[in-house]
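The data below hold one chain only, encoded as structure tokens and taken in the form predicted alone.
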């Protein structure tokens, strides 16, 4: 299905981004990957057979340069995957707004504005061609909430909203949009967390998320839920928001973990 297509993926030095890149390559696509870690993205690109670029997705010009480089190498982009992400925990023992301004601003730039920058560069060409595919890797935290990280929760909600907006505004232009909302996945983002090995909230492999995305693209589905149980949680939240807030408050009370450790872009 994607043989010969030009694919560009941010935050693909490892984790979910790398897994998505590998799956596209197996289907015969020409893939360009980027990451803020220059050495890592070069190593990954060499290992999987992609073209690698260093890119700080908080910088609009850097994203434009990545897109230009990807198109110079592989032709006009058919699929863009906005995968770069970051997680900052709230201040230990602090309150909900206790995170630094820098952590909030960086989360906003990576989770929201990077997709704005990329779509701004790609949409004119896609509209002229009458086709294009934009994938935003958000999080279940964009549909529910992530305790212990206000910046992650708020900006992932915004990422989901922007994906919805792209889809509704450009459906008639031939644009296909997919929003990926996994729960916990075994990547650098979740290092240090207790791994759930069974049940609906299991920690998935990055390749499982890639498989879910490809199934959704084949079925032309907007929302990608690698953990299907998230749909049930979302329905319960919408049915009784007060009960949902109370349950999350209880969860916060009984756990000492649950936040997203570290600040590594993935």
Ligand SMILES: NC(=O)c1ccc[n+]([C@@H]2O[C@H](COP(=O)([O-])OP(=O)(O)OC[C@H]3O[C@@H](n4cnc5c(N)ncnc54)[C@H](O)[C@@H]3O)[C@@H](O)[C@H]2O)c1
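All values derive from a computational prediction rather than experimental measurement. Numbering follows the first chain given and starts at 1.
The same protein also has a form predicted together with the ligand, omitted here; what follows describes it.
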| item | value |
| --- | --- |
| Option from 49 to 57, 235 to 243, 23 to 31, 214 to 222 whose residues, in the predicted complex, bring a heavy atom within 4.5 Å of the ligand | 49 to 57 |
| Residue (of 149, 115, 139, 107) lying close to the ligand in the predicted complex, criterion heavy atoms within 4.5 Å | 139 |
| is_contact(residue 36, the ligand) in the predicted complex, heavy atom dist at most 4.5 Å | yes |
| 4.5 Å heavy atom contact, residue 178 and the ligand in the predicted complex | no |
| Residue 132: touches the ligand in the predicted complex, heavy atom cutoff 4.5 angstroms | no |
| Contact test in the predicted complex: residue 143 vs the ligand, heavy atoms, 4.5 Å | no |
| In the predicted complex: members of 64 to 88 within 4.5 Å of the ligand, any heavy atom | 83, 84, 85, 86 |
